[in-house]
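We begin with a single chain expressed as structure tokens, specifically the form predicted alone.
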Amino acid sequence: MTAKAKKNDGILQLSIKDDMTIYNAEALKETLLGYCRPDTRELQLDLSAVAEIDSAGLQLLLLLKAEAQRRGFILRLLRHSEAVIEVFELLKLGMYFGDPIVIPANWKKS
């Protein structure tokens, strides 16, 4: 899995650079859970480069949300890609994660 991480004062910013599918779910799970450390106050996950997400990728986001609640840090999903927005809208998950979803002006919903 390709990800870019920056940490500043307990806030970890992580950009996912791959699709969130069954094909890379195991590697993605290991990477994401590796960032759930005691010194993390907030994990910000940039989803703008996620071109495809399936049920395995969605399960990873749900797992990460549960880990954040269990370990007591804040999870923020940022810059949702069109693929992520479509899944969240289909399954009515926007409110569950609680992060604002901004739909780009040039979005061509099929």
Partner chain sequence: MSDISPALETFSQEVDELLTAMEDALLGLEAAPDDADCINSIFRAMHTIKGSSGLFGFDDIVSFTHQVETVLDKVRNGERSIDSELIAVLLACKDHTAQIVQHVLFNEDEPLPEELQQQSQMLIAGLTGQSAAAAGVPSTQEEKADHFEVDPNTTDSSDNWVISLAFKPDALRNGMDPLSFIRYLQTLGKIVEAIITMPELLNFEDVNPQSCYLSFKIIFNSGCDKKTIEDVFEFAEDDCNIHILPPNSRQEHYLQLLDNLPEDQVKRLGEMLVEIGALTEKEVMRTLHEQWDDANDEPKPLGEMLLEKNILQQPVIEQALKKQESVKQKVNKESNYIRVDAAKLGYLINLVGELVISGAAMRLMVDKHGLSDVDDVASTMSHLVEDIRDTALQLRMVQIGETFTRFQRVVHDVSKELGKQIQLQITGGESELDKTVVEKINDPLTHLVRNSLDHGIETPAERLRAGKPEKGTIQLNAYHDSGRIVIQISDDGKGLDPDRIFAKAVAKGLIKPDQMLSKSEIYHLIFEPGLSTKEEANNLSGRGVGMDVVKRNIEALRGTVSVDSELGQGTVVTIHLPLTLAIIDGFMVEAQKERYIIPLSMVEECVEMSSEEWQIDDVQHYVNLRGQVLPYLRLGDFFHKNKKHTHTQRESLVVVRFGEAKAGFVVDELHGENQTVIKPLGKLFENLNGIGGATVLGSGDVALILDVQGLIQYARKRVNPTLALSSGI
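Please read these numbers as outputs of a predicted model, since none were measured by experiment. Positions refer to the first chain, counted from 1.
Here the subject shifts to the form predicted together with its partner chain, a form of this protein not shown in this document.
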For residue 46, is any heavy atom within 4.5 Å of its partner chain in the model of the complex, or not?
no
With a cut-off of 4.5 Å between heavy atoms, is residue 42 one of the residues that contacts its partner chain in the model of the complex?
no
Partner contact for residue 37 in the model of the complex: its partner chain, 4.5 angstroms, heavy atom:
no
If you check in the model of the complex, is residue 62 within 4.5 Å of its partner chain, heavy atoms only?
yes
Judged by heavy atom distances of 4.5 Å or less, which residues of 56 to 89 approach its partner chain in the model of the complex?
56, 58, 59, 60, 62, 63, 64, 67, 70, 71, 86, 87
